[in-house]
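Next up: a single chain in structure tokens, the form predicted on its own.
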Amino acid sequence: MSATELEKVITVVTNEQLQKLKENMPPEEYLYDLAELFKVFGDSTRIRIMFALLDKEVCVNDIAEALNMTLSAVSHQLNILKRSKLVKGRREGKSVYYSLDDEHVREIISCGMEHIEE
């Protein structure tokens, strides 16, 4: 095969790969939303709160005490986590109990821990 023929084959393969890449790329708004989600995970205080909620629901007072934080600081971070659909709250009397929103959040945290422990 000559150099010119080889160049044509490489160009066709490259163009096919490029086309597949473009077809498989999610819509821009999905990528933006994903980046915003990871920004929420980018704060160690929020990670600590989610880690506290990994196995059970916990009231705000207990989260604050366990993490040595003020109620105000915990509430602020919980609001961010709720808006991002990472935690959910359940009111019982005057207390609100928080838990991770769903199994996906547990999986993200677990995968992240596995990754850093490698």
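For clarity, a rigid core is taken as the largest C-alpha set superposing within 1.5 Å between two forms. Since this is a predicted model, take the numbers as computed values, not measurements. Start at 1 with the first residue shown and count on from there.
The protein also exists as the form predicted together with another copy of the chain; that form is not presented, and the subsequent description refers to it.
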request  = Answer with yes or no whether residue 35 is in contact with another copy of the chain in the model of the complex, where contact means some heavy atom within 4.5 Å.
outcome  = yes
ask   = Even though another copy of the chain is not shown here, does residue 73 get within 4.5 Å of it in the model of the complex, heavy atoms only?
value = no
inquiry  = Can you work out whether residue 66 and another copy of the chain are in contact in the model of the complex, taking contact to mean some heavy atom pair no more than 4.5 Å apart?
reply    = yes
message = With a cut-off of 4.5 Å between heavy atoms, is residue 92 one of the residues that contacts another copy of the chain in the model of the complex?
response = no
key: Partner contacts in the model of the complex for 34-55 (non-hydrogen atom within 4.5 angstroms of another copy of the chain)   = 34, 35, 37, 38, 39, 41, 42, 43, 44, 47, 48, 51, 52, 55
Core superposition between the shown form and the other one, C-alpha change of residue 104 at least 2 Å = no
